[in-house]
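To begin, one chain is listed below as structure tokens, in the form predicted alone.
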Amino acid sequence: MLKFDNVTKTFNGPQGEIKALDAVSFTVEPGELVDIRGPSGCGKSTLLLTAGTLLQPTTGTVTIDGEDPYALSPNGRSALRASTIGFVFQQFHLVPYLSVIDNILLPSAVRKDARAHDRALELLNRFGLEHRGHHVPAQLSVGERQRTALARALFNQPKLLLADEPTGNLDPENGEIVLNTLKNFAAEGGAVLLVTHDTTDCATRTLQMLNGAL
């Protein structure tokens, strides 16, 4: 579902070139939850943005569901991202002036679906948010915001979930909800790439990252 083949990403810094990814190669198959672990600044977020079709590699190839997203037009890349990938972030990235249900419905703006509202209601109930549907994010607890973000990530029934430190701001109970959701998604045939600096026992495989390299 996801393949990195000798991917390198460099940036120009004040002291010269910074190699954020250094010849990274790995795969994530359907049914796998791959955890990439490492300290802050080791390249995990750069790797996730590259996997999410948001940051073109300097060299090497990324393949998602058999397709190179960086060989597509910007519109083609956006369409692939909308139909195939769900994102879960530590900071949630909810739209502050939209209600919970409208935040969950956001992906439907890209991928039209006659059952969009029914799907959003189904996810509201699944994550215990049915009493919060018309609240804005500022009126939610931290755990409720992350559950809203999870519901949004799952709205388009993606094949690949990318999760960036998704439990970093959560208490143990809500952290367990998030990890169980990711684990169940993989168990049902989805692919999950999780980046974290913590140990987790839900992964099918763990890769260690240091100084941009696996």
Partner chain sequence: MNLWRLIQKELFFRWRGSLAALVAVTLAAGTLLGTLNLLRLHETSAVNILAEKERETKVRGAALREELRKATLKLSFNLLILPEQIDLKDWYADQASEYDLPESYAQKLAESGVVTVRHFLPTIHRKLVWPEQGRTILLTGTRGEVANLFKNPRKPLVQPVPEGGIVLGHELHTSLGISPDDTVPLMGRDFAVHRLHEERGSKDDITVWISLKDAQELLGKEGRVSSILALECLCATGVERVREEIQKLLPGTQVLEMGSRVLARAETRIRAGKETKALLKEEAKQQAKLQAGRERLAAVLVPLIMVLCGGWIGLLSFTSARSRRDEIGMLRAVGFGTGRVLMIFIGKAVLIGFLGGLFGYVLGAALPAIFARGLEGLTSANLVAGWLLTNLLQAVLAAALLMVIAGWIPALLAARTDPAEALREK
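Positions refer to the first chain, counted from 1. All values derive from a computational prediction rather than experimental measurement.
Just so you know, the form predicted in complex with its partner chain exists too; it's not on screen, but the next bit is about it.
So in the model of the complex, is its partner chain close enough to residue 127 to count as touching (4.5 Å, heavy atoms)? Residue 127 lies outside the contact set for its partner chain.
Within a 4.5 Å heavy atom cut-off, is residue 105 in contact with its partner chain in the model of the complex? Heavy-atom contact with its partner chain at 4.5 Å: present for residue 105.
State yes or no: in the model of the complex, is some non-hydrogen atom of residue 167 no more than 4.5 angstroms from a non-hydrogen atom of its partner chain? Output for residue 167 is no: heavy atoms all beyond 4.5 Å of its partner chain.
Taking the shortest heavy atom distance, is residue 174 within 4.5 Å of its partner chain in the model of the complex? It does not: once its partner chain is placed as it appears in the model of the complex, residue 174 has no heavy atom within 4.5 Å of it.
Joint contact, 46, 81 and 91 to its partner chain in the model of the complex, by non-hydrogen atom at 4.5 Å: Checked in the model of the complex: all three residues contact its partner chain.
Pick from 64, 55, 186, 34: which residue has any heavy atom within 4.5 angstroms of its partner chain in the model of the complex? Residue within 4.5 Å of the partner: 55.
Identify, from the list 72, 98, 121, 142, the residue with a heavy atom within 4.5 Å of its partner chain in the model of the complex. The residue from 72, 98, 121, 142 that makes the contact is 98.
Within 4.5 Å of its partner chain in the model of the complex, counting any non-hydrogen atom, which residues from 122 to 153 show up? Going through 122 to 153 in order - heavy atoms within 4.5 Å of its partner chain in the model of the complex - there is one hit, 152.
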